[in-house]
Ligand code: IPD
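Next up: just one chain, as structure tokens, the form predicted on its own.
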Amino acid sequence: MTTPDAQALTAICSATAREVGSHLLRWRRERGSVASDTKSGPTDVVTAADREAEEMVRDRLLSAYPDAGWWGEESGRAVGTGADLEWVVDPIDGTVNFLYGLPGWAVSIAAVWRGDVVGAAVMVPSVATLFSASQGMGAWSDEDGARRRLRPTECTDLTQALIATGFAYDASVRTRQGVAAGQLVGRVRDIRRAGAAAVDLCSVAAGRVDAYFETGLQPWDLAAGGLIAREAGAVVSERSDGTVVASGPALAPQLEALLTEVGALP
């Protein structure tokens, strides 16, 4: 496969995320309560909508690039014959929010070329906002037809920083994370827990929070939102265990130090 156009990949990510997001919004409104199954544990839920949405995404993307690889949260990973390109997809990031009718869920799609994320889109249907980025070309939001370039905040004072985070499905891990969050909350402006990693990373990119951290994330949680945050100008640190820390450049060194001090980072 020849080197693809990053903007073309972002365009198909964006169009697909919009289409599937609209479908899911109708799905939720028309069907009301959502039946769910569980995966890794009783709090790790998956709905019929997750599976249906992933099939829709897969159909759109592989129809356009049939040789590409695929890595979806629900269906797993498959190597394509054109192994240089891979789609990394979370059909509903924030399934628990979707299950309960809360607004903070998204469709997250990333195009990965030879291991690097080169195009991405995160659609948040409940607020009709699309976040997108192409490698080296900045990050953007499109809300009600208004396109805006994204920038993180310039916060330099941790005591004034609004920090987003998330918690693991495993209760014992979540308990440890809660203890660390309890140590952190008195040292910053406040903590927000929205329930979707891709949305939190886009919130850093858009300056809606000053920083975000979480541990135990998977590639489909990080791929699209991570590129969007980086292209907006945020510093995004990812570790092999799925730990991510994202913030504006001025805040990054002291944030990492504080998170380590309170035990929020492994």
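In this text, residue numbers run from 1 along the sequence as written. Predicted model only: the values in this text are computed from it and were never measured.
One more form of this protein should be noted, the form predicted in complex with the ligand, which is absent from this view; the next part is about it.
Heavy atoms of residue 221 reach within 4.5 Å of the ligand in the predicted bound form, making it an interface residue. For the chain shown alone, residue 167 is a contact residue for the ligand in the predicted bound form, at least one non-hydrogen atom being within 4.5 angstroms. In the predicted bound form, the ligand sits within 4.5 Å of a heavy atom of residue 197. Residue contact check for residue 94: one or more of its heavy atoms lie within 4.5 Å of the ligand in the predicted bound form. The contact with the ligand in the predicted bound form, taken as any heavy atom within 4.5 Å, belongs to 193 out of 193, 151, 176, 187. Checking 235, 49, 217, 61 against the ligand in the predicted bound form, a heavy atom within 4.5 Å turns up for just one residue: 217.
Of the candidate stretches 167-175, 135-143, 152-160, 121-129, only 167-175 has residues with heavy atoms within 4.5 Å of the ligand in the predicted bound form.
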